[in-house]
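Single chain ahead, by itself, as structure tokens, in the form predicted alone.
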């Protein structure tokens, strides 16, 4: 399963990429707005940190399909290879996805809350389908179940799209989808660093160090 950072904090992204097996970074307008800097400059800084081989996801803002397509082409030109365009799955967005996919752009269908949105986006040619797991849960539905259903739709219909599950609350949600075979997930730095937070592991490592400290240096190697 591919693992992406869902954030725009350049320093945190740099740290996570140094220590974790990260495949790229996903952003959206809300995430970029948190840091009070010019979005294009933040995105350029992120690209510099993650390198040219990792994926960078950038979302369009327009609501009309023609303007979405213009914006998507501009994003693609600005950030070049390994840039994925995020487009919400609404009628205007779906139309743009189909046209842009035919042009060869890689699209991530975002703001996905239902399996039918996932099916339509995959059929239109989206490369990634991003269901909002925790947001779906907050509406009283099953976010994990929606992600799994979209995965099954893709597999059963021989579609080429991949599920990129998003909006996680905790590590357990990510683990459940990992076990199921979901292609990718994107999570906040807090969730990702939580993958390795375990008091028992910390105690074991500290125990090893304490025991080893009793060995004479001349007995090492």
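Positions refer to the first chain, counted from 1. Bear in mind that the values here come from a model prediction, so they are computed numbers and not experimental data.
Beyond the structure shown, there is the form predicted together with a small molecule, which is absent from this document and is the topic of what follows.
* Position in contact with the small molecule when the complex is considered in the model of the complex, options 42, 193, 171, 28, heavy atoms within 4.5 Å -> Of the candidates 42, 193, 171, 28, 28 is the one lying within 4.5 Å of the small molecule in the model of the complex.
* To do: Would you kindly say which of 167, 69, 50, 184 lies with a heavy atom within 4.5 Å of the small molecule in the model of the complex?
  => Contact with the small molecule in the model of the complex is made by 167 alone.
* To do: Please check if residue 117 has a heavy atom lying within 4.5 Å of any heavy atom of the small molecule in the model of the complex.
  => Contact check for residue 117: no, nothing within 4.5 Å of the small molecule in the model of the complex.
* Hey, in the model of the complex, is residue 110 touching the small molecule, heavy atoms inside 4.5 Å? -> Flag for residue 110 set to yes.
* Report yes if any heavy atom of residue 132 sits within 4.5 Å of a heavy atom of the small molecule in the model of the complex; otherwise report no. => Yes, contact at 4.5 Å.
* If we take heavy atoms and a 4.5 Å cut-off, which stretch out of 88 to 96, 146 to 154, 71 to 79, 132 to 140 is in contact with the small molecule in the model of the complex? -> Every other range fails; the passing one is 132 to 140.
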